[in-house]
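Okay, here we've got a single chain as structure tokens, the form predicted alone, with questions on binding and movement later.
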Amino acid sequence: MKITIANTEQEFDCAAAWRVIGQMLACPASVIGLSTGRTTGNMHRLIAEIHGRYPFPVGETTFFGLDEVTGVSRHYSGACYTMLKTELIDALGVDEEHFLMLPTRCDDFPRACADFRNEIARRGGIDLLILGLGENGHLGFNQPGSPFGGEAWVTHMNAELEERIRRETGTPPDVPLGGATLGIKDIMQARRIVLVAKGENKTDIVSRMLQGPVTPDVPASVLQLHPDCEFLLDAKAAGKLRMKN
């Protein structure tokens, strides 16, 4: 395992941004997966800022979102599509052909999930996947207990997130909400992964992910088995790690 610890949040955001930029510069036709949330927002904005100051080609790169909220409008501010468009995709000038997302609403989600996986494969598979880390160890919407052999699917979200989304969107209780996501099998097929985690609220789960057993109870623990996964942490998130000299 490769573990990189940044001393400050600014150093962390810069390191994360350059992982993506470096991939694009090394291979302009890369397929790059992105995650949304508090951990990655600054990283996305920094990539956009660097590109604005020092333009580099992006037209051949395919970006996709790891997951998506289902049952809401794609233009809801908390939808992963809108978050990625706002934080990065529009600033880079990426066209819709090179920005793949799972749908928020669909009459046939199993088919849509299969089509999403197939389109990523058609473009050559995942060159770089940026993963956030949930406080319970989830990856995307793969919550604890999700099968390691699972492919893209629609699953549930945690109760706190569902409550917030219903409140923000006015979605009544009888309208189902969920999360479409690449499965853990899909994630593990990425050629290169960078898992990013920062903040004291991630301290316990980072320790369990890296120093506990590989178990579906902590989905991110499976990354211990990936042949090219870097765990990029800030000092707070790494606070409970027992580092070898």
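For clarity, every value in this text was computed on a predicted model and none was experimentally measured. Numbers follow the displayed sequence, beginning with 1.
Below, we refer to the form predicted in complex with a small molecule, which is not included among the displayed structures.
J.: Going by a heavy atom distance of 4.5 Å, is L133 a contact of the small molecule in the model of the complex?
T.: Although the small molecule is absent here, L133 would touch it in the model of the complex, with heavy atoms inside 4.5 Å.
J.: Flag K202 as yes or no: does it have a non-hydrogen atom within 4.5 angstroms of any non-hydrogen atom of the small molecule in the model of the complex?
T.: The answer is yes: K202 has a heavy atom within 4.5 Å of the small molecule.
J.: Can you check whether R38 is within 4.5 Å of the small molecule in the model of the complex, heavy atom basis?
T.: Flag for R38 set to yes.
J.: Check whether D186 has any heavy atom within 4.5 Å of a heavy atom of the small molecule in the model of the complex, and answer yes or no.
T.: So D186 does not count as contacting the small molecule.
J.: Of these, A114, A91, L100, L161, which has a heavy atom no more than 4.5 Å from the small molecule in the model of the complex?
T.: The option sitting close enough to the partner is L161.
J.: Given the stretches 133 to 141, 170 to 178, 92 to 100, 114 to 122, which is the single one in contact with the small molecule in the model of the complex, using a heavy atom cutoff of 4.5 Å?
T.: It is the stretch 133 to 141.
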